[in-house]
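Quick heads-up: it's one chain on its own, the form predicted alone, in structure tokens.
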Amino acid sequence: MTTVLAPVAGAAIGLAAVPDPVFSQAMVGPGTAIDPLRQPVEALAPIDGTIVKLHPHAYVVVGDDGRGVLVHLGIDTVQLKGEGFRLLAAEGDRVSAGQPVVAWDPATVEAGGRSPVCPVVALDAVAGSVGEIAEGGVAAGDPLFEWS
């Protein structure tokens, strides 16, 4: 069982509410999404592991068991080419769950006309393997869902 932590504080809203079909239809895997508080924050590692992919707007942490969790900071934020994001870790770094990975400001993303909603996805997970999904308000570092 892998406990996936909330990378940011806000309201857990579920993947179906994400304004992007790749996430809302769970094409990359099951999980949930967080509508973040509108203030500068540090997005956290959702699990213990290694950062195998790190972009300013998204990152993947893979645990020792081979399970990868994708955190995507906002929707269509790749278009910002890193502007407004600051890397706090590097690809290949070993991180602990709850460790800061990227600093960003959801309010700035929203002011630029993009959704700041953050999908958190269990990559390549089989249907039904993600449960105990948090609903409503979550703090950064709170349990977000369980992956069995």
Partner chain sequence: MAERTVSVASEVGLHARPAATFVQTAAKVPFDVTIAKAGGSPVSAKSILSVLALDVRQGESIVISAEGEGAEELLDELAQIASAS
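Nothing here was measured: the structure is a model prediction, and the numbers come from that model. Numbering follows the first chain given and starts at 1.
What comes next is about the form predicted in complex with the partner chain, which does not appear here.
Segment assignment from 108-116, 23-31, 93-101, 39-47: heavy atom within 4.5 Å of the partner chain in the predicted bound form: Among the candidates, contact is made by 23-31.
Heavy atom of Ala89 within 4.5 Å of the partner chain in the predicted bound form: Output for Ala89 is no: heavy atoms all beyond 4.5 Å of the partner chain.
Touches the partner chain in the predicted bound form: Glu132 (any heavy atom, 4.5 Å): Answer no; every heavy atom of Glu132 is more than 4.5 Å from the partner chain in the predicted bound form.
Gly84, heavy atom within 4.5 angstroms of the partner chain in the predicted bound form: Output for Gly84 is no: heavy atoms all beyond 4.5 Å of the partner chain.
In the predicted bound form: members of 110-148 within 4.5 Å of the partner chain, any heavy atom: Sequence-ordered list: Leu123, Asp124.
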